[in-house]
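Single chain ahead, by itself, as structure tokens, in the form predicted alone.
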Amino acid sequence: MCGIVGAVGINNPRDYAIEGLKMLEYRGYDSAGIGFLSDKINIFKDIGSPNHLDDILPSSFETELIIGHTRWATHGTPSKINSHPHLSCNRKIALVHNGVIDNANELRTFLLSQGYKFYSDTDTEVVVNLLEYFYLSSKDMHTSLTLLKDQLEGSYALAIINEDYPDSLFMLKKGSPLMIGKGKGFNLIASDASPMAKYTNEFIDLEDYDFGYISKKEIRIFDKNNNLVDRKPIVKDAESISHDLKGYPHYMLKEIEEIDEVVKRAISIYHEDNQYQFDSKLLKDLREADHVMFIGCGTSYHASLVGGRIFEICNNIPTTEYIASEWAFHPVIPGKKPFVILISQSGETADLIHCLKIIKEKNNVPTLLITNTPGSTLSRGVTYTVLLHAGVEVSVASTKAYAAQVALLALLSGALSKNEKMVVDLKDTIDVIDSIKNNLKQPIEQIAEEIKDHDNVFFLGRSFDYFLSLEASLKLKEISYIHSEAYPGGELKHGPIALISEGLPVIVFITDPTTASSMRSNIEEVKSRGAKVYVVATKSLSKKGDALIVDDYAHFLSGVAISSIAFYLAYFVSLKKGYNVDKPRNLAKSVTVE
């Protein structure tokens, strides 16, 4: 979850570190810190964001070697003492860490028996002292990193400074993302490419168990077998990894208003010259499958529900959708010839990495990753990868990536059945999205004003509208902290209707002709118990008094066509409550811990 930066030999290390950490705040912002080597290792860290760190850091300093960290707390509460970087007991080694060390307590007990003292509650302080323990015996960092790698259980991306190596920044990686930026006369390291894009366009994705160091002119990487390896850099253009707000006040608003372009891009990439452009081997494996299993977390799980239902209806393929964090502990792969689709915006989701490890133990189960991040940990382990091409999504609450996931799953379904109408239906959603952006933001903002002071909100829908309700409810929870629930309309009478009270806001989606009549009955049920109902309906299904009316579209594409209504609503509520829209409390963008 945390964000890491590091540099050796760069001309403006302070600017690189601070600007880089600001770009990585989406990975966590409980605390931030920087360590650099001059005559000794200097540490500046505190709770709060990199903006606060910028204030307490000296305005200038000279160093060849710097590391930085922005934290999402796992072991230990957000506090100055738990902030990174952490120093070893002899203050000769400092490191920053993204991940979780599963055997930290056992290692801490061992180090205590060796006379080590601990000042924080973090697993990271255990790591830096264990590294020092090995280094004091070996007097060699290569040997020490090899020994450290063999002792640590869990996930880690480490950037390390040792006073005895003033020209080298060391790294070690397993299960958490870490990249090298290849420069001219300098080299960089970071959790993703964005902090480095201003300085280079060549990046090296480290693989699990890679370790080694970077210096001004050298990159030395060793694999899990201690072999020196030559990891080839990949070139990424700056625009694809840019964090430019482009005049918007918040990333979330910018990303909502990019949904139409994201859908257009998906269509242009995956359907060209009246032909679907998916890997023929991927389509063959999917067509031969007798069961398709979807796995995701949070928003990606909600996209899985949509994709599974589309596959069943349009392709007559049985599907099952699982929450990754649940499936991993009770794994079942249905069917005699299954196919597994994993969905992860970052490609680094720890729960899915755990699931993929289990799946790979089953012979001959083909896997597909749908992700927004090329070269990610998950992409290196699956049979096939299909990219969303949604562009960087900075706001913690996912918006355009969700719409892209649903659009891509629809295109994949169309390719399986060679159904050209799927493309026509998707193109129709672009007009609906644009109409919402141009005509409905004000009425959505008015609804936000009316519900912002309520403690509870309900969302109702059936079938695909229910799946959208789940995503709408999640977004409202994430960034406004209002308790929100989503229910299928028919389930109200089986318990949840007991929660309806006078004035309770209930937001209802009605876009499916098959279920519209039933949903209208559900509306009367909650109205009769005092609920304040806001109906979102398509024109052909609308009635007088409905709050928001949109043009008709293929109802199974609600997750593309009208998801922006849900996202705008959450955005405006959060804004009116005075919260940080892009950085909601307790959350991080990339969930790299289980």
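The structure presented is a predicted model; accordingly, all values stated were derived computationally and were not measured. The first residue of the shown sequence is 1; numbering continues from there.
Unshown form predicted in complex with a small molecule; subsequent notes refer to it.
Peer 1: Flag K475 as yes or no: does it have a non-hydrogen atom within 4.5 angstroms of any non-hydrogen atom of the small molecule in the model of the complex?
Peer 2: K475: yes, in contact with the small molecule in the model of the complex.
Peer 1: Report yes if any heavy atom of S304 sits within 4.5 Å of a heavy atom of the small molecule in the model of the complex; otherwise report no.
Peer 2: No.
Peer 1: Could you tell me if I259 has a non-hydrogen atom within 4.5 Å of the small molecule in the model of the complex?
Peer 2: Outside the cut-off, so no.
Peer 1: Can any non-hydrogen atom of S300 be found within 4.5 angstroms of the small molecule in the model of the complex?
Peer 2: Yes, S300 sits close enough to the small molecule in the model of the complex that at least one of its heavy atoms falls within 4.5 Å.
Peer 1: By the heavy atom within 4.5 Å rule, which residue out of I510, V340, A397, L426 makes contact with the small molecule in the model of the complex?
Peer 2: Of the candidates I510, V340, A397, L426, A397 is the one lying within 4.5 Å of the small molecule in the model of the complex.
Peer 1: Scan N129, S469, S480, S346 and let me know which has any heavy atom within 4.5 Å of the small molecule in the model of the complex.
Peer 2: Among N129, S469, S480, S346, a heavy atom within 4.5 Å of the small molecule in the model of the complex occurs only for S346.
Peer 1: Quick one: which of 174-182, 434-442, 218-226, 389-397 gets within 4.5 Å of the small molecule in the model of the complex, going by heavy atoms?
Peer 2: Of the options given, it is 389-397.
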